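For reference, the chain that follows is the form predicted alone, supplied as structure tokens.
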């Protein structure tokens, strides 16, 4: 299952200002094994389009191609169904957030074909119906829109009510929304789910190379005034490394899937992506199964099954992690289990919602 990075220099792209702005459109999604996107799949895509499974098939083809998935993702889902064989190791119970399309759905489909027990997450019942048709072997679907923190809290209760997991993959994320919405979906919600859900043996958090341009934005977190996409992806990586420090008996990592041809990757009419779709989701599979050399790593930032040397210095800054978690606690009223909050941490001003 060992993968190799693409021949294109993703870092070279990201380290120019023009490429940074372009990469922001796509770096937290998944696509196909093809690196060049057919023109038919380009063009702007409305954010958070909701379509029933029947309508998706009528207008877009299998697996929601052209509606909630790109053709490349749909083709990869078909490839998984035809070519992936059962795992010869112990089956695991795995939850994947944001798993009704893109990289999350590909990860779910692959692990399902390997005969793991997979629970997926949809933002609403309509998307839940779509994924039940696409992946009929899934064990269950939990629902909740991570833009709404009350729904996130209720989602945590749903997850806890259906039993413990071996692995939780925090794949869900948004791009192209208002800063306040990005704060909720990409930063506060992953924190709340991590703090409120019974911790599994392994946690995986999807981040992005755009975390390199991110900052802590503690005042914005405390006030709820919003953050940029890059800030949110930095926060996601910091949640992973902080949780790995607080829970040393668990395996916890951040993963950047790369700029791949999902709907997010084609945002604003992008016509090509430099990273492989399959590589973009296989690191999650590799970590979740945990049988190959190197897959037992913890507390790291990974890209295509390799530990990244170049990460934002705040990712591994323990003082910055504690400050971020203190800001989260102040904003949400939920303190992280085992976290070491700074001495000047103010009492949480919000009561947890049942």
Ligand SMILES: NC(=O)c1ccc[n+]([C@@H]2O[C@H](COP(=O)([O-])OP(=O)(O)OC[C@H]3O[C@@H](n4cnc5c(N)ncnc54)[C@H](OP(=O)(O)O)[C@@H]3O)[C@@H](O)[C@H]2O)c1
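Positions refer to the first chain, counted from 1. Keep in mind it's a predicted model, so treat the numbers as computed, not measured.
Keep in mind that the form predicted together with this ligand is not shown, yet the notes after this line are about it.
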With heavy atoms only and a cut-off of 4.5 Å, decide whether residue 147 touches this ligand in the model of the complex. yes
Can you tell me whether residue 185 touches this ligand? I mean in the model of the complex, with a 4.5 angstroms heavy atom cut-off. yes
At the 4.5 Å heavy atom threshold, is residue 110 in contact with this ligand in the model of the complex? no
Quick check on residue 116: any heavy atom within 4.5 Å of this ligand in the model of the complex? no
Heavy atoms within 4.5 Å of this ligand in the model of the complex: which of the stretches 196 to 204, 118 to 126, 85 to 93, 133 to 141 has them? 118 to 126
In sequence order, which positions of 256 to 286 have a non-hydrogen atom within 4.5 Å of this ligand in the model of the complex? 257, 258, 259, 260, 262, 263, 264, 265
